[in-house]
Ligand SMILES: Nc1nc2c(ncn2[C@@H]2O[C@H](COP(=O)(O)OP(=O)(O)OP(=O)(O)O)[C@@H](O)[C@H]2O)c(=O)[nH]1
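Here's a solo chain for you in structure tokens, the form predicted alone.
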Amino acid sequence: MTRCGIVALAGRPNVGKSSLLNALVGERLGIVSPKPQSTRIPVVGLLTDGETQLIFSDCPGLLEPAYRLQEVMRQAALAALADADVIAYLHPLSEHPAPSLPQLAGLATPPRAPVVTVYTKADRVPAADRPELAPSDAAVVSVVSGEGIDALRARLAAAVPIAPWLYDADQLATQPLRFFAAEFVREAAFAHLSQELPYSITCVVEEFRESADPVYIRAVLYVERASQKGMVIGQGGHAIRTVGTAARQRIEQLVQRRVYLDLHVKVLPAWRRRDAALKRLGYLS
């Protein structure tokens, strides 16, 4: 008898959703950054173990949108909550107690799916300072120490419905490799560029030749203003080389092959605020 279900990883920005996704599936799929709002499109990772298949949806952080892209991100997160069979609601343990999920998400009624409250970043809270939590009410995890990860995985597996698997047992994700290539370029931008600049950047993979040796990937970083283009390239091309090297190494880890990353920078004015640009870039259908 098999089990299969969608588990939405939800919460505010920067509560550890992508880190938890990576820990649960055992592969670095989601962007991990100390800067919030790095996840823009739900990243779907798969874990098939024994008779159970878990389909994890790493949702964009729930926040009050300030511009059109953030509105689209919020809509994507709410859609993932509506589609889920189980919701893992993440909140930092140091900020216990968590507000109710309907309150945070602005829902008029509780979600259809059962909610498991998951307190994250437990390694930052000494045992003597931890609140008393009933195991039946909440889970406590740390992706740094590994605390609670196996127990949470087992709890989620028991909560999904009895159903046939939707994907092959050896599949790790539902999105294509070119999606992750673009995400890893953005992750490198978040890591190596100045504080606010990455929020004005998106990445599109224009060509992905997996048959080539090394794998050939042509990708474009889009920014909103000409001045930002110069900052991304950097003096003598230093900044874009740093981003490209970091992204290439991450892509090579995923595809297990050598990669040639051909990275370019273009200006697409005010792309975060215009529906036409968001459609062109794949954020809107």
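Position 1 is the first residue in the sequence shown; the rest follow in order. All values reported here derive from a predicted model rather than from experimental measurement.
Unshown form predicted in complex with the named molecule; subsequent notes refer to it.
Novice: Even though the partner isn't displayed, in the predicted complex is L69 close enough to the named molecule, meaning a heavy atom within 4.5 Å?
Specialist: Judged by the heavy-atom cut-off of 4.5 Å, L69 is well away from the named molecule in the predicted complex.
Novice: So, G45 and the named molecule: in the predicted complex, are they within 4.5 Å at any heavy atom pair?
Specialist: The answer is no: G45 has no heavy atom within 4.5 Å of the named molecule.
Novice: Can you work out whether R273 and the named molecule are in contact in the predicted complex, taking contact to mean some heavy atom pair no more than 4.5 Å apart?
Specialist: R273: no, not in contact with the named molecule in the predicted complex.
Novice: Quick check on P34: any heavy atom within 4.5 Å of the named molecule in the predicted complex?
Specialist: Taking the distances in the predicted complex, the answer for P34 is yes, it comes within 4.5 Å of the named molecule.
Novice: Which single stretch, out of 176-184, 80-88, 150-158, 118-126, brings residue heavy atoms within 4.5 Å of the named molecule in the predicted complex?
Specialist: Going through the listed ranges, the match is 118-126.
Novice: Of A139, L93, V143, I201, which one comes within 4.5 Å of the named molecule in the predicted complex, counting heavy atoms only?
Specialist: When the named molecule is considered in the predicted complex, the option within 4.5 Å is V143.
Novice: Is any part of 13-36 within 4.5 angstroms of the named molecule in the predicted complex by a non-hydrogen atom, and which residues would that be?
Specialist: If the 4.5 Å heavy-atom criterion is applied to the named molecule in the predicted complex, 13-36 yields P13, N14, V15, G16, K17, S18, S19, I31, V32, S33, P34, K35, P36.
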